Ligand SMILES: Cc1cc2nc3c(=O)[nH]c(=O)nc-3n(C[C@H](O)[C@H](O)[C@H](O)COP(=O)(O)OP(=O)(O)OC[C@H]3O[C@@H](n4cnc5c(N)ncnc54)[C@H](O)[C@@H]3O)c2cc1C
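Presented below, as C-alpha cells, is a lone chain in the form predicted on its own.
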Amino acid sequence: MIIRENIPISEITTMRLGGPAEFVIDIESIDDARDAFGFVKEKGLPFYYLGLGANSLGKDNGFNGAIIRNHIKGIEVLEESKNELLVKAYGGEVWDDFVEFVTNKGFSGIEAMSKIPGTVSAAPVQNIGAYGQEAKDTLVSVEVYDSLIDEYKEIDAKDCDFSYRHSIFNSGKDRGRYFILSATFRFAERELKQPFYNSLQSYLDAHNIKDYSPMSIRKAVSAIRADKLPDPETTASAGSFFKNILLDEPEAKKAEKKGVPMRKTPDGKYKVNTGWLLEDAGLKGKNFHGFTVSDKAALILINDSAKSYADLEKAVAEIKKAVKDKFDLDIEPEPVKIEAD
C-alpha cells in the first residue's frame, strides 16, 4: 500500500481538472484493502474510488479525503475448453489489456468494448458497454472488500442490479460500500451477431470486412476509436462525456416527431444516440468556456484551455440547454464528480 498526500486531482484524471486530494492510496494486494480502509476510518476521512481517471472529474476545491486506487494486477484462467472460457481479472488491470487477452484466445463477449479507457474494477461499476455489448453480459461475479462490515466477499452478477451505466456500485444505498478487487467473466467461442451499430457496420463495409471473429471486431473497433477519440496522453478529455438516452414508448413517440432516430433495446426501451443530438443541434466543433465538442465524435468534450471545474459546469449547462431547446430531451454527463457521498 502506498499513501501520498496533497496530490493534485488534475494530475490523476484525464480531464485534468481539480485541486488537491488530501490523500491518494494505491492498493497493491488483496490484504492492502483492509489496511487502507483502516487508515481511512482511523482518520475519519470520506473516500472515493478511482481507476485511471477517465470517468471522474476533479472539483476546484479538491477533495478533503482519500482517493483509493486499485493497483492489483493479474489475469487467471479458471476454466478453459474449446467452447468456453472462465477467467478472473484483478481490478488494477487495464481494461483494454484484458480485452486483448480474451480476444487473443478467440472468445467473444467484450471485443466491441476494445479501447475503452479504464481498469477492470471500473467495468462493473458503470456497466460499461459499446456496440451492443455490456460488461453485465459476461460478468459472473465480483470479489469485493465490504467497507461497511470490514469483510471480503463475492457478489454474483445477478445481485448487482445492472442496467444502462448503472449498478449497485454507483447508485442507491450501497453506493461506495464495495471496493472491487477482481471480476470473474465467462466467455463463449462465437461471433458478434448482426445487425451492427451504424458506425461499426460502415467501417466493415468500407474495408470489405466479412470476418466477424472477436479479433477482427476488436481491430475494427480499435481503428474506429483511434480515429474519433483523443489520446488521453496528449489531449485532456473524459472520453464519452454524455450518456445516451433511454426512452419509454410514449417518450419515444414524442421524440420521433422531432426527427430523432433511435434503436429499440432488448428490454423494450428506445436508445437515442446523444452524439447525434449534439451534432444535429449544431454543436460539433463548438467551444464553450475552454471546452470543445469534438469535431470527430460529438460525445467527446475536450478541455482545450480550461483550468476550472466552474468553467466545465458552464459549458455543460449551455450544451444541455441547446439540446433541450431543439429536441426537448435532457442529456446527462457520464463522468462522476470526485466528492463525498
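All residue numbers are counted from 1 along the displayed sequence. Source: prediction; values computed, not measured.
Just so you know, the form predicted together with the named molecule exists too; it's not on screen, but the next bit is about it.
Residue 237, heavy atom within 4.5 angstroms of the named molecule in the model of the complex: Although the named molecule is absent here, residue 237 would touch it in the model of the complex, with heavy atoms inside 4.5 Å.
4.5 Å heavy atom contact, residue 72 to the named molecule in the model of the complex: Close contact is absent here: in the model of the complex, residue 72 is far from the named molecule, nothing within 4.5 Å, heavy atoms only.
Partner contact for residue 179 in the model of the complex: the named molecule, 4.5 angstroms, heavy atom: Taking the distances in the model of the complex, the answer for residue 179 is yes, it comes within 4.5 Å of the named molecule.
4.5 Å heavy atom contact, residue 1 to the named molecule in the model of the complex: Residue 1 lies outside the contact set for the named molecule.
The single option of 309, 39, 48, 288 touching the named molecule in the model of the complex, heavy atom within 4.5 Å: It is 48.
Segment assignment from 203 to 211, 124 to 132, 151 to 159, 247 to 255: heavy atom within 4.5 Å of the named molecule in the model of the complex: This holds for exactly one stretch, 124 to 132.
Joint contact, 56, 119 and 334 to the named molecule in the model of the complex, by non-hydrogen atom at 4.5 Å: Yes, the whole candidate spot contacts the named molecule.
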